[in-house]
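Next up: a single chain in structure tokens, the form predicted alone.
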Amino acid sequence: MTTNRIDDSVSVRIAEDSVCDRMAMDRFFRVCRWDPYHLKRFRYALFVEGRSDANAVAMLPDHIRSAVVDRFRLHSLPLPVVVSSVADASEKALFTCRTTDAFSSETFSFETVLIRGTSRRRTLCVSSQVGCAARCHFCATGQMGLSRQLATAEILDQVLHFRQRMRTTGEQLRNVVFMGMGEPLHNETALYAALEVLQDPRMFNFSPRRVMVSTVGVPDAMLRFSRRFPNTSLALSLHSADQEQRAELIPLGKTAPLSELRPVLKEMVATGRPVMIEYLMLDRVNDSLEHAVLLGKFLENLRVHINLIPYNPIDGLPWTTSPRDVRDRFAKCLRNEGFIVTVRHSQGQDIAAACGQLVTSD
């Protein structure tokens, strides 16, 4: 197991039998005294170009190829089951993984979503956990509870699968957002290692500005993340600027109150990093002009981008989304205060792949 020290409290680890472990593969090539140029070609073909496994491995000379394939796994996850949206061509992949306990054979399922916008540049919404311990009351994933942390290689394999899949359609995977299943900052070790590999120019080579981590608000972890990855975007799922109401919607808000989140946001914004505020629009719950004014006051003098998100219906949960005119009025109020505001629209609803809808049952 390779460990890279990244700060005083968190180490990152990647299984040495994975091609995603750059240090292990580099060391293997040095010990074998092979030209690192061959490894560079292989990595570019696999991680950046998204070539098929066979085509990427073919970049290696014959005398190296079999040794690399025997020593390193190209994938940590089996091929997923993929369903496509008829409405907007979004795709949802159902991945499976096994327990990390050597004495158990339990299988878990989790989901990853490809969002297709108006251009041919796409956004991948990856998962960091199977389920989620935050248990937000409006979220289908939260109703599952937490089953298992995803390992770094499992997070990265979601990206690799879709890069390979999209090569066949001529599309470009432009953005990676940690907005799938799980609270990423509850899985810091695997998250940070994945971010290192995604942004490493020798590996996936994503610009930090094309990677975003979403959180419901874990103050200490937000600061660690901010200091370790100063150029990587962060999205805070706020959903209410009223402390009592937010704690009802997001149980974690009881232990991480708005009074603790405000100084964290202030420090993050001061560095010039992109910070998004995610605000779920719940009909007659948090969508009045009074709520908009309260939000504006909480974010006063903070340079953030506010996303107003329609609520996506979930079986068994009581909420509905705010009407479009209510969302527009809410946005206008905030824009009048000088904020940049985007009123989002949902994608993937017909395959339960929209925001908050990801859930699996085994």
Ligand code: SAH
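Numbering starts at 1 and follows the sequence shown. From a predicted model like this one, the values you see are computed outputs, not experimental measurements.
Below: the form predicted in complex with the named molecule, not depicted.
Peer 1: With the cut-off set at 4.5 Å between non-hydrogen atoms, does residue 91 touch the named molecule in the predicted complex?
Peer 2: Result no; residue 91 lies far from the named molecule in the predicted complex.
Peer 1: If we define contact as a non-hydrogen atom of the residue within 4.5 angstroms of the partner, is residue 280 a contact of the named molecule in the predicted complex?
Peer 2: Judged by the heavy-atom cut-off of 4.5 Å, residue 280 is in contact with the named molecule in the predicted complex.
Peer 1: Considering only heavy atoms, tell me if residue 139 and the named molecule come within 4.5 Å of each other in the predicted complex.
Peer 2: Yes, residue 139 lies within 4.5 Å of the named molecule in the predicted complex.
Peer 1: With a 4.5 Å heavy atom cut-off, would you call residue 314 a contact of the named molecule in the predicted complex?
Peer 2: Although the named molecule is absent here, residue 314 would touch it in the predicted complex, with heavy atoms inside 4.5 Å.
Peer 1: Answer with one of 156, 216, 292, 195: the residue that has a non-hydrogen atom within 4.5 Å of the named molecule in the predicted complex.
Peer 2: Contact check passes for 216.
Peer 1: Among 150, 191, 113, 179, which has any heavy atom within 4.5 Å of the named molecule in the predicted complex?
Peer 2: Selected option: 179.
Peer 1: Just one of 226-234, 159-167, 200-208, 272-280 has heavy atoms within 4.5 Å of the named molecule in the predicted complex; which?
Peer 2: Going by heavy atoms within 4.5 Å, the stretch is 272-280.
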